[in-house]
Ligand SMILES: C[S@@+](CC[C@H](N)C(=O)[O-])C[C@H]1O[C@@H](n2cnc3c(N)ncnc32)[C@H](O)[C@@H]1O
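Just the one chain here, the form predicted alone, laid out as structure tokens.
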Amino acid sequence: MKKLFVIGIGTGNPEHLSMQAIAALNTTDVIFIPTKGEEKSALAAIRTTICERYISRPYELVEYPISARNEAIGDYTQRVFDWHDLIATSYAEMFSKAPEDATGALLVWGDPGLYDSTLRILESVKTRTDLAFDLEVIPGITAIAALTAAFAIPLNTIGNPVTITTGRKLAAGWPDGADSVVVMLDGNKTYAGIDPENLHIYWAAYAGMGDQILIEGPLAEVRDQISATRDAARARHGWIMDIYLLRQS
């Protein structure tokens, strides 16, 4: 494989793709699609739909499994590093089987530069193998952009910074000096366990997609509604991606 595109595809709406992304797809010979488990199958179907809609030349779809993280490893950072090593091994094996003159593509949810480890894993592949493909990154619409667009709100208050964090970090305490906090990767509903005083929440599931769900209001008043809605949506679809913005009153 001579070249690999890492293409941000937005949050699941095929219309999120940029003209740059569509042009890149139409120079691609091989599209690598992760498929394993109910959630991965649903996301693989969205990626396949994007390819069918926008690619007008012959291409090959190569499906590959994504290993689950080993939850028996107690240290979170080590657990993630070990998981990334497993994915890097899968990538290396898969890329080595592609034709030497082929151009490949990985379709990354949202944007490759925001809370996604694809670029770090690819760097590991290059470090530990003799694979010498060129890498080009195509940016995509982030879940943050989809969230603020859905609510028609600015991300920041006037003159103030924005903190982007995870549920795991928020559980450790409100970030110092922050008045607007975007929370991603929160499978534990951290919003439900923090002090809600003077906090307003903008919550979205499947942001930007046809199944988009939006709830906003004072955190103390809507957090139970969000939790119930989230649980029902996950049961209905078999998977969920959600994001929220907390803002101090």
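Everything quoted here is computed from the prediction, not taken from an experiment. One rule holds for the numbers: they count along the sequence shown, beginning at 1.
Only in words, not in the display: the form predicted in complex with the ligand, which the text now covers.
- Residue-level contacts in the predicted bound form: of Met241, Ile226, Ala24, Leu17, one residue has a heavy atom within 4.5 Å of the ligand, and it is Met241.
- Put simply, of Phe81, Tyr115, Phe151, Trp174 only one has a heavy atom within 4.5 Å of the ligand in the predicted bound form, and it is Tyr115.
- Only one of 156-164, 141-149, 125-133, 86-94 places residue heavy atoms within 4.5 angstroms of the ligand in the predicted bound form, namely 141-149.
- Using a 4.5 angstroms heavy atom cutoff to the ligand in the predicted bound form, all of Trp109, Leu185 and Ala204 count as contacting.
- The ligand in the predicted bound form comes within 4.5 Å of no heavy atom belonging to Val30.
- Contact between Cys51 and the ligand in the predicted bound form is not found at the 4.5 Å heavy atom cutoff.
- At a distance threshold of 4.5 angstroms between non-hydrogen atoms, Val181 is out of contact with the ligand in the predicted bound form.
- Of the heavy atoms in Leu199, none are within 4.5 Å of the ligand in the predicted bound form.
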